[in-house]
Ligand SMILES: Cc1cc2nc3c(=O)[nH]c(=O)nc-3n(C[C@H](O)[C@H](O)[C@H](O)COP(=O)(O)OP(=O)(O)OC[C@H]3O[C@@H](n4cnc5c(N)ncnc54)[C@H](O)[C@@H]3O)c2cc1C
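Just the one chain here, the form predicted alone, laid out as structure tokens.
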Amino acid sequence: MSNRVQDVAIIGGGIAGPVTALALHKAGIRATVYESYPSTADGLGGTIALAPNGMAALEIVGAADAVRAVAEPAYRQAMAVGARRVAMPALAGVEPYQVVRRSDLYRILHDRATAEGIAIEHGRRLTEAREEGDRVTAVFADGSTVPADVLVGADGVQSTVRRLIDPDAPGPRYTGMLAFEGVSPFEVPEEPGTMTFAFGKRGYYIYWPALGGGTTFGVNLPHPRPMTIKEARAVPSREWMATLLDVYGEDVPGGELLRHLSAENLRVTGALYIMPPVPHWYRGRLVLVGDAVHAPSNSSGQGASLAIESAIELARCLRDVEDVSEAFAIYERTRRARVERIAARAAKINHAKAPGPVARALMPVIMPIFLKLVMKPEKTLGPDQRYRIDWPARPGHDRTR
């Protein structure tokens, strides 16, 4: 496989897919995005926090300013366990986390891709990929086919491409939590730009003052089995609200945030998953990017940012390395250690979000571990948030600064 890549088929139109397409376009490589859903994700999904390194990566594809225009910057973070509240140190000299609705990020990336002449086709569900020589053909559920030099799987934790690369690949692990969000009229006393991570009596939640008044919050509801968005939204909102009040009703301010929110304004954002290490990131002319290959716990604060980084790094490898198998190997070598290190660190504290008496019993152990980590932000967070992709340089020359 030695012909330089000229056109790429990208499966998945979420975050990693359009970013990959934009970076490939910047590298002079044609790319088309194929999304299985019949329409765009306007109005769907919850909020995500983009770390400084993720924002720096978005600068490369020209999307960072548009994100900042609609995001809420989180200048400060705090951790609360019952009545105990601890300010979390932050790195100096980096921009704040940018909290943005996932649907807004989708729109920005799709608009940016359209402005660059990149096609995003909806209703195209991949079922098979056939390799012949130096080409790969994507086969879709409607019987249509698309030939390309490379096929990129940016199709999320339930990735079809991952199974095509390796039928024995591990799938996503359900964390035991369903996620909900809302903007409550209840006002918390925290200063604007402060994000608080709260461990209640039976669960974990996060909240911050909303722009324009009220409080934006997200709660993780312990649930025995994962549910699709369609399944979760089929449950009447008043039933979810009753369940959430049973879990969080005695917490401060969690109970007040819920009691002041009307049931119809409660949003289900879906089951939470993490990806275990994936043995094979690529095979032949198929390769994975984003959540399809690495989806750390939301404890990391890096999921979307890592997906954006990997999308850009993959494009750079295909730009500079003529042999496709070598380009994929360099891409994996460049990215694997970083994403797995961040995921492993997040896993150390993720089980603190378990419900009920287990969480309460663990907190005296988890709190010192967590504080030990965050009290040395330059050592623990510096390599994550100061990481920068040097786009003009050849792959393997990224840096922390």
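From a predicted model like this one, the values you see are computed outputs, not experimental measurements. Start at 1 with the first residue shown and count on from there.
One more form of this protein, predicted together with the named molecule, exists but is not displayed; see below.
The named molecule: the contacting residue among 156, 203, 182, 172 in the model of the complex [heavy atom, 4.5 Å]: For this set of options, the contacting one is 156.
The named molecule contact in the model of the complex: residue 106, any heavy atom under 4.5 Å: Yes, contact at 4.5 Å.
Contact of residue 332 with the named molecule in the model of the complex (heavy atom, 4.5 Å): Close contact is absent here: in the model of the complex, residue 332 is far from the named molecule, nothing within 4.5 Å, heavy atoms only.
Interface membership of residue 304, the named molecule in the model of the complex, 4.5 Å heavy atom rule: Close contact exists here: in the model of the complex, residue 304 approaches the named molecule to within 4.5 Å, heavy atoms only.
Contact flag, residue 275 vs the named molecule in the model of the complex, heavy atom cut 4.5 Å: Answer no; every heavy atom of residue 275 is more than 4.5 Å from the named molecule in the model of the complex.
Segment assignment from 85-93, 185-193, 144-152, 98-106: heavy atom within 4.5 Å of the named molecule in the model of the complex: Comparing against the named molecule in the model of the complex, the contact stretch is 98-106.
Contacts with the named molecule in the model of the complex - residues in 123-140 whose heavy atoms fall within 4.5 Å: In sequence order, 124, 125, 126 come within 4.5 Å of the partner.
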